[in-house]
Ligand code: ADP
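As structure tokens, one chain now follows by itself in the form predicted alone.
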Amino acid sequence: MKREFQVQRSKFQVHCLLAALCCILIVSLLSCSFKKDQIYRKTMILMDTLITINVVSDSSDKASKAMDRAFDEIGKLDKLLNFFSSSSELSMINRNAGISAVKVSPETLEVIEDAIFVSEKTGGAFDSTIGPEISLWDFHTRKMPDDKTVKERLPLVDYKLIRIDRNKSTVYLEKKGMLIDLGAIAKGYAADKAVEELKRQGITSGLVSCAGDIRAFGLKPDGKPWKIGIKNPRPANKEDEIMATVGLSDMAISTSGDYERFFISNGRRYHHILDPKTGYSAEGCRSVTVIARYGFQTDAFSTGVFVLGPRKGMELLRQMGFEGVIVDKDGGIETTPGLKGRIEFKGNN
């Protein structure tokens, strides 16, 4: 009887031990599965600007590796599309203008095709062949070209003279002296490629900011969209620098403004957003913000809409199904109907 009791007691102890181990295992698994998501951030200087990547993850190692891979993708594009680097594919295309076609990578071919698409939709208000005119200006030293030189170079600005052979993956500029400058589309395109890479690495939410070109996907850890500020083109003070905010998820946003690179001479503001038809700064707007699905769209169309001016620009946004905010030359603000209830303006704007 005593032995039977001991055996039963032993079995009971084993059951208790197993139950305790199961409880420990369950608690351990629950603690792993309920790791709190956090926002991780990295910043680098690439494409001649400050680029910041934010990702949501429950692991700092996973977040860090994913961001590093995304930065590698942007760095690759920088080497391909850099207007000022003699070794870039873009520079090779420009050097061979009017001479021969240049074989390029799929990425270079794609972004140039995207640029042509935007040129067609904007009626040439956006034109990546603006390079010959841009190279005449220096907004840091206040260098302004003479009218004769500006007019002489205008025939070199024509996106219709870009020849692409998709089968051979080549790009050819028909006239010698032509220059493609992808500065108004490359950063938005880079943001798109960075997001693609982050998703491949298992990241489901994040924000890629290439200067004023931003691509958001997923939601923040609190379940809310990413909140993006829109700059005031004429702030009275530091507290007035952001004129509005908008929540974004799985969308891109870009702002083009006459306040980024400019100088004032004889009471006139000269800035870097040139009208391809005149070679001089476009004058109808102070800033244009575009919201669309992809960064290459918002980057390039914000420039094209700026050049078109408020009336034609707003018509184009509606035709394309994009959202946007236009601040005209006098400070008047107009938004697309789809932003009603989604955008918050500061003060009385």
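We number the residues from 1 along the sequence you see. Just so we're clear, the structure is a prediction, and the values are computed from it rather than from any experiment.
Omitted here: the form predicted in complex with this ligand. The next part is about that form.
Of the heavy atoms in R163, none are within 4.5 Å of this ligand in the model of the complex. In the model of the complex, this ligand lies farther than 4.5 Å from every heavy atom of D114. For the chain shown alone, R261 is a contact residue for this ligand in the model of the complex, at least one non-hydrogen atom being within 4.5 angstroms. The closest heavy atom approach of K187 to this ligand in the model of the complex falls within 4.5 Å. Annotated contacts: A70, I74 and S209 are all free of this ligand in the model of the complex [non-hydrogen atom within 4.5 angstroms].
In summary, the region of this chain contacting this ligand in the model of the complex, judged by heavy atoms within 4.5 Å and restricted to 214-222, 168-176, 99-107, 130-138, corresponds to 130-138. This chain lacks the partner; the member of K231, K199, H272, K121 within 4.5 angstroms of this ligand in the model of the complex by a non-hydrogen atom is H272. Contacts of stretch 63-78 with this ligand in the model of the complex, defined by any heavy atom lying within 4.5 Å, are made by none of its residues.
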